[in-house]
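Only one chain is given next, in structure tokens, and it is the form predicted on its own.
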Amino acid sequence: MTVDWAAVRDDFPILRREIDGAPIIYLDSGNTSQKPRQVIETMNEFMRTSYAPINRSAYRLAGEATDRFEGARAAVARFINAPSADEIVFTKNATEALNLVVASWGGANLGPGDAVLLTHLEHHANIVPWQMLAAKQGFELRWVPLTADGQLDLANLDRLLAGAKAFAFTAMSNVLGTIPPVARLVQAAHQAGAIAIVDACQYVPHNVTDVQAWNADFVAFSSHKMCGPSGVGALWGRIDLLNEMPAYIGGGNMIADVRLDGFTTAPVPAKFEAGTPPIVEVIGFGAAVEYLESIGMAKIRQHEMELTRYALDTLTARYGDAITIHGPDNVELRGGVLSFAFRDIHPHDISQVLDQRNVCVRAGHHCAKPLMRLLGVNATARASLYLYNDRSDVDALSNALDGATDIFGF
């Protein structure tokens, strides 16, 4: 069955808004996605009719809220093909999920003489926590370099993994769109005796995700990049590893017992979910999963590949050497993230000029300063595509760049 992408676009109320009489062209989904009415209405309905504390009170309303909350956990587990919903830990976002792994698993397992392997593609969320722990516990950080077209250079992977205890890497770059061979990297990590930690924040919203096929040990991702609300994300982890890890945050809900001389933790996932969770946001997360499932992730991926190809071809044909789009050209090896330099115009100036035509792009280092330095730039402009975008949005971007050309006298 084919997808009516115009009807999909119509699901997003904000895209019907006009500013100064012109529509919004939203091309910043790599930063955060817009929300369909199905998610908005589900959260609204839950707050109006069913809100109550979860996992604490015995009255029926609280039981109903708990069932809805745990139903969302089951939906998230299903969405990534996790073996069990008990392996899904709700966090504030993917950043907190990665920090949880670094602080808990890393804090218990890493020390002088150990090594952790990262890549030059990484977001700060998968760099800074490791640097913080390395400074405290004295282990080595190693780096997988890049090829000229922004893919991982795996020629020396075995040597880089030798003696490493963990390999933490992105499943899709938020700057270059690069999609590394996740299953291959996981296999290499395991063959070297290391665990594999996947930052899938950019990948899960756009691709069919199967953590069992990857055979990874931990996978982190966020709701707000996949049509859900902000303030909630998820960590999937192998149950044996989660059981062995020490608690990350102490407080209510994460305990089985507390005495004056100590405490015992509750079973996973409660062990890592201290305090009152973002209940409404988790319900919205579940609704976002169901919305994406109703369309089909394989169809979303195909739509985005076709649109990315159109964008690459349109911009390069129109502007030639005046535009540099970083990352692989093969859309099967990348997502719809287009980080670009244009006519020596500063990315922030580009963003401001495009905003005059309601074309929303991000300008900056995209929380990837080490990668920016490798690219030889301080910042880029970035247009990022999602299921609600179409060719007219790409055309609007292309036309708006003419405005930058005119203003800056090129």
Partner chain sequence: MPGLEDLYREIILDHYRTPRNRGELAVPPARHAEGHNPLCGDEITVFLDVAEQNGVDVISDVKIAGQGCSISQSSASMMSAAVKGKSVREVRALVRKFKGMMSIDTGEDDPEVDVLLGDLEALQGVVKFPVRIKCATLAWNTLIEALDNPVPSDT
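These numbers come from a predicted model, not from an experiment. Numbering follows the first chain given and starts at 1.
There is another form of this protein, the form predicted together with the partner chain, and it is not shown here; the text below is about that form.
Not displayed here, the partner chain is kept clear of A6 by more than 4.5 Å at the level of heavy atoms in the predicted complex. The partner chain in the predicted complex is approached by D257, whose closest heavy atom lies within 4.5 angstroms of it. In the predicted complex, the partner chain stays beyond 4.5 Å of every heavy atom belonging to L375. Under a 4.5 angstroms non-hydrogen atom cutoff, the partner chain in the predicted complex lacks R343 among its neighbouring residues. Contacts between 188 to 213 and the partner chain, taken as any heavy atom within 4.5 Å in the predicted complex, involve no residue at all.
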